[in-house]
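Quick heads-up: it's one chain on its own, the form predicted on its own, in structure tokens.
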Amino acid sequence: MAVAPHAPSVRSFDVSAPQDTWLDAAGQALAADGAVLLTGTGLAGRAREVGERMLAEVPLLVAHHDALMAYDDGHMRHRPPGGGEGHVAAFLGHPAVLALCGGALPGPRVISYHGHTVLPGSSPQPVHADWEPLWPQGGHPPFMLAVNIALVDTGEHNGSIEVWPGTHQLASQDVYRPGSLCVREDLLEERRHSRPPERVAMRPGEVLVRDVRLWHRGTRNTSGTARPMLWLLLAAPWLRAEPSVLLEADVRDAVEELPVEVAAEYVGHPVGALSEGEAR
């Protein structure tokens, strides 16, 4: 069966331009498609540095593969490094990201700050959502946004994110396989013919903002090098959700000065590689 024509790809916006030239259009695209790509963020240098640090920790991830696996082989939870070099506040409080997310979720707070590293030879994840609907039949406005920050050049060769545009509008409990947030296979096939999924290519420092209800997955890494990426969650202030932001104490002042609430726990020891309480 031939695939029907579909809407344009996930839209990208150069946020180095004045905010009034892109913000409204980006907000409309996020509402319609469930995802937008932000370029020109100025984060490339910091992103590459953090990416190098996370790549150096890959042997530690491999040693704890089963404990840190996210959905399928080679997809690893990977807590990003802390430290007082300024990257933490830059990633958590980027003005363009906050402006876009604040338009969809007035007064959002950061409730999660993690990493996701895809190892060479990984299997593709099942198509899934990051959060369940707030009530069974869905139909509600956005309540949480995921923010992915590329740390290395990311494309089809090394496990780019595959998104299914517009599927955040289909969210309901009937969409998922029993007991999970993985999308039913029959619905995937049906959707593929009306609006196929797209893999999002990203350069270091570029940011993908997406509705947590959007269908997506991490894909296969066929390169010989691991692919790290950062992953944040910004939630509506009224949403009851367990926060998961572990930061080193020396970044506290910079983070608390940001124009966004960060639900963080501050610790006196170095943060990196493994998630708190896992594989220790």
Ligand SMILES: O=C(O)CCC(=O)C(=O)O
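Don't overthink the numbering: it's just position in the shown sequence, from 1. The shown structure was predicted, so the numbers you read here are calculated from the model rather than taken from an experiment.
Just so it is clear, the following notes concern the form predicted in complex with the ligand, a form of the same protein that is not shown.
Quiz item: Given that the ligand is left out here, which of R191, H116, H87, R109 has a heavy atom within 4.5 Å of it in the predicted complex?
Solution: If I apply the 4.5 Å criterion carefully, the residue I get is H116.
Quiz item: Would R213 sit within 4.5 Å of the ligand in the predicted complex, counting heavy atoms only?
Solution: So R213 does not count as contacting the ligand.
Quiz item: Even though the ligand is not shown here, does A70 get within 4.5 Å of it in the predicted complex, heavy atoms only?
Solution: Flag for A70 set to yes.
Quiz prompt | Close approach of G159 to the ligand in the predicted complex, 4.5 Å, heavy atom | solution = So G159 counts as contacting the ligand.
Quiz item: Could you tell me if H128 has a non-hydrogen atom within 4.5 Å of the ligand in the predicted complex?
Solution: Because a heavy atom of H128 falls inside 4.5 Å of the ligand in the predicted complex, the answer is yes.
Exercise. Heavy atoms, 4.5 Å, the ligand in the predicted complex: which of 159-167, 181-189, 87-95, 131-139 makes the cut? Say which one.
Key: Heavy atoms within 4.5 Å of the ligand in the predicted complex occur in 159-167.
Quiz item: Does anything in 219-248 come within 4.5 Å of the ligand in the predicted complex by heavy atoms, and if so which residues, in order?
Solution: Contacts from 219-248: R227, M229.
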